[in-house]
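Shown below, as structure tokens, is a lone chain in the form predicted on its own; questions about how it binds or moves come after it.
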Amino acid sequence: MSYIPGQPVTAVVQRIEIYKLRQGDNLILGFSIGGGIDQDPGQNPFSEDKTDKGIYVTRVTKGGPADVAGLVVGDKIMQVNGWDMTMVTHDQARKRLTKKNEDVVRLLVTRKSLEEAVRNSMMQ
């Protein structure tokens, strides 16, 4: 998926619902993110488009809430609980994901395998 500034974004997305794990005062999601409009997109190993400043999943804890929900390394996070994540800083994304008053995080993600499956089905 490539993004051209000022043009609509077209993406094949999957809904993922993560139930945070409570450990004392902490709510655990079980994944880490990278990227953001304030980061160097050239360092993003998950996008062929080296100008892509999206938020990507960089680590998923095996058996953790994100793993159980189906999140995988390399997923691009498009929305968190209805909030657009395509043009946010890394810190804005982290804060949106870790809100203390939300026990459930509803994501819209896109992943390369989803896009390839749709592309292949359209060619048949």
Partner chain sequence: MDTESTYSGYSYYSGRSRGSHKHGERSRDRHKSRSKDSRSEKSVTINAPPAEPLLGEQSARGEEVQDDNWGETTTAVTGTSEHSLSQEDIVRITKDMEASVGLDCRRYAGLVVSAALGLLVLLTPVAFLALPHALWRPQDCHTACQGLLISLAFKLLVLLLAVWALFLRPLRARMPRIFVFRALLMVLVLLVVVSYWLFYGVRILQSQDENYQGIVQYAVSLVDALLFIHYLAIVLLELRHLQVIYSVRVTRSTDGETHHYSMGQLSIQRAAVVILENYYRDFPVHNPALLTVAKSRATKHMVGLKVYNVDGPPNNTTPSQSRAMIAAAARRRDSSHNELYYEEADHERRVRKRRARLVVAVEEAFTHIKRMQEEEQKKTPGEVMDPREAAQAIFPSMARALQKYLRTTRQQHCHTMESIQQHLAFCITNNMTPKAFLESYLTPGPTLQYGRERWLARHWTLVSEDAVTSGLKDGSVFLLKCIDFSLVVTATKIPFIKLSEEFIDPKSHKFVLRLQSETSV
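All values reported here derive from a predicted model rather than from experimental measurement. Numbering follows the first chain given and starts at 1.
There is another form of this protein, the form predicted together with its partner chain, and it is not shown here; the text below is about that form.
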Worksheet item: If you check in the predicted bound form, do Arg22, Asn81 and Asn101 all have a non-hydrogen atom within 4.5 Å of its partner chain?
Response: no
Worksheet item: Does at least one non-hydrogen atom of Gln43 fall within 4.5 angstroms of its partner chain in the predicted bound form?
Response: yes
Worksheet item: Is there any non-hydrogen atom of Met85 lying within 4.5 Å of its partner chain in the predicted bound form?
Response: no
Discussion item. Can you tell me if Lys62 lies within 4.5 angstroms of its partner chain in the predicted bound form, counting non-hydrogen atoms only?
Written reply: no
Item to complete: Please check if Ile33 has a heavy atom lying within 4.5 Å of any heavy atom of its partner chain in the predicted bound form.
Response: yes
Item to complete: Go through 91-108 residue by residue and record those having a heavy atom within 4.5 Å of its partner chain in the predicted bound form; state none if no residue qualifies.
Response: Arg94, Leu97, Thr98
